[in-house]
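Just one chain is shown here, as structure tokens, and it is the form predicted alone.
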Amino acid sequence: MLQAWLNNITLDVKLAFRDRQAIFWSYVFPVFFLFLFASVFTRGRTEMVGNLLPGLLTISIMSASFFGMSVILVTMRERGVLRRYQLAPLSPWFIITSKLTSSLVISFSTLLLQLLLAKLFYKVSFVGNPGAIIFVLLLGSLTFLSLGFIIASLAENVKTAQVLGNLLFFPLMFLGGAAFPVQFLPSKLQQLAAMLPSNYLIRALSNVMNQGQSLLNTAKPLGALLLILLVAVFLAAKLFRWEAREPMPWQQKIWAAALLAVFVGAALFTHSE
């Protein structure tokens, strides 16, 4: 079973590099955003590029999760690929864990590419511990990939997956502090931003990358991300469907609604920070 799991990860990575849409959202889009933001908003100034990086990395993670991995999974279900796994037979956990791992490999390579380009072109340096930075990036990637898995489970087809991805991506980008600082928002919207996972990731990355804080000092946003990750993976397993025409019972829709409660609970968890 372990060998089959590893083989499936390898196959997923190979298939992802053959998918033009996945390559665009995983590599082209993040690099484009890096140079666009660095040129327009910072004019290439090193310190300002470094301050923007947590938000840009968060955008990259979200695009790979909501438009890359989720669309690929829905496509596999529409083409009957997942049904073949079911006939193997394999459990949903096999698909979920292997797909998350393969997507994490691709997402993390994208993040490393952006960090390398920022260092080469804009001379950005990071004061934080490399191990802490890697840990936050891995945790953030897994959290959003799990949310992308839920999108794939809820979507009936690729078009629906793209719509759901946009419904999450743009609010998380503009309200969560990825596109511009949360402080620029009205006070009520700042309270809403405190409920968004993108805000937790940006805060955690800023703490460890730009301020050199330890993981212990960043425990609250990291704890919120971990909580969302655990519940999102659990919901992904509950909502998982092998076939495109497989109906979703009302009990599963209730599980999906529980995700909103997680955001609220995570916001309360970090409210005192």
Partner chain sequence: MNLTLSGNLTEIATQGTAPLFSAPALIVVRDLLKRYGDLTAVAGISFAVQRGEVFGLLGPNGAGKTTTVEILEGLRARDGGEVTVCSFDPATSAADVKRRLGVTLQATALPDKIQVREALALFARFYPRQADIAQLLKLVALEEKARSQFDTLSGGQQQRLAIALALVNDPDVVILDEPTTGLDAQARRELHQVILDLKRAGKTVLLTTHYIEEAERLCDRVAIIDHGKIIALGSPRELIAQSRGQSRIELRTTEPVPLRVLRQLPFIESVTESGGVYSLRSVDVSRALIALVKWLEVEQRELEDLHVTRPTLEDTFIELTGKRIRE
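Positions refer to the first chain, counted from 1. What you see is a predicted model, and the numbers here were worked out from it, not measured in a lab. Note that the rigid core is defined as the largest set of C-alphas that superpose within 1.5 Å between two forms.
Unshown form predicted in complex with its partner chain; subsequent notes refer to it.
- Residue-level contacts in the predicted complex: of F169, Y122, Y85, F108, one residue has a heavy atom within 4.5 Å of its partner chain, and it is Y85.
- At least one heavy atom of R79 is located within 4.5 Å of its partner chain in the predicted complex.
- For the chain shown alone, P186 is not a contact residue for its partner chain in the predicted complex, no non-hydrogen atom being within 4.5 angstroms.
- Mapping the unseen interface onto this chain, E243 counts among the residues with a heavy atom inside 4.5 Å of its partner chain in the predicted complex.
- Though the partner is left out of this view, L11 does reach within 4.5 Å of its partner chain in the predicted complex, counting heavy atoms only.
- Screening 175 to 183, 85 to 93, 190 to 198, 156 to 164 for residues having heavy atoms within 4.5 Å of its partner chain in the predicted complex returns a single hit, 85 to 93.
- I9: CA moves less than 2 Å between this form and the one not shown after rigid-core fitting.
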